[in-house]
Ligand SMILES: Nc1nc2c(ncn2[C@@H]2O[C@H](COP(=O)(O)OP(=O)(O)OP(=O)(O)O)[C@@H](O)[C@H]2O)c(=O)[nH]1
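Below sits a lone chain in structure tokens, taken as the form predicted on its own.
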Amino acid sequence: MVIAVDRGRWTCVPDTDQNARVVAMRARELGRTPIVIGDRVGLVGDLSGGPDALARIVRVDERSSVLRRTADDSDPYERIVVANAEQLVIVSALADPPLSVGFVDRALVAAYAGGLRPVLCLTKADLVTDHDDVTAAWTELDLPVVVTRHDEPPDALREVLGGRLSALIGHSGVGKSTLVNALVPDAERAVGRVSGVGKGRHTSSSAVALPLVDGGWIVDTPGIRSFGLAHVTTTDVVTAFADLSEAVADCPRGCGHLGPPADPECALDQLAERGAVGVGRLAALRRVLVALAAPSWT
């Protein structure tokens, strides 16, 4: 698995030894095939992991999930952030800075469209007196929520992450780095080991996968100011829900699945009328869909 990318070199972890690190370059026959964090690849050449060893990546396996983003909603160029992650942990603070509902909604869109299980992690609970009603808008989406405090270890989050490959995203200042350091006590040393292919360089602009003590990996992504979704359609999101995916096939062409007045013939409304889907669940989904039309910097 690829765990770091830096200046045309990829740091990989062999399946046979999770503690080993192999630096590789892209084989010429791969052309410009993108290779990103989380990719499972085929390696040949020097796999010793020595200081001057350099292997070649000759194959990129099919991806089970992809977290994509664009610079903004007018940018047609998709950037693959992480491949094969099982979960997208959306980190947002309850205070300082305040919870960004728009950002959470857009991150949910990206997770559903990319095949990742979203998890909401609310930090800095020690700065507020009550947070019970904060997640009400997403309750009907069955969104797992984990709450952390600065003065307590993130044990609940650690349990959610165990044995999985999870990507963490969030605005700068929400406490993501604090979580990473708590989950991976030697995070700085680990980052130094895999970044800069031995050159000791690491910046917040680079994503890196870090191993968890009890198994699994977290991908620490840089703090982002915008989350462009130019590559996502509303149908991409709806089809991620097993109880809704078949119904949208009966929607008229161009349906945005938002219901009246924008989409008066949306098949999802007929589903709700028959009691096949809860009205609250449909309303929650449509509120997330509205995020597709919102500015990418929310």
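Sequential numbering from 1, following the sequence displayed. Here the structure is a predicted model, which means the values were calculated and not measured.
There is another form of this protein, the form predicted together with this ligand, and it is not shown here; the text below is about that form.
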property: Contact flag, residue 139 vs this ligand in the predicted complex, heavy atom cut 4.5 Å; result: no
property: Residue 173: touches this ligand in the predicted complex, heavy atom cutoff 4.5 angstroms; result: yes
property: is_contact(residue 150, this ligand) in the predicted complex, heavy atom dist at most 4.5 Å; result: yes
property: 4.5 Å heavy atom contact, residue 126 to this ligand in the predicted complex; result: yes
property: Contact segment among 113-121, 100-108, 177-185, 129-137, judged by heavy atoms lying within 4.5 Å of this ligand in the predicted complex; result: 177-185
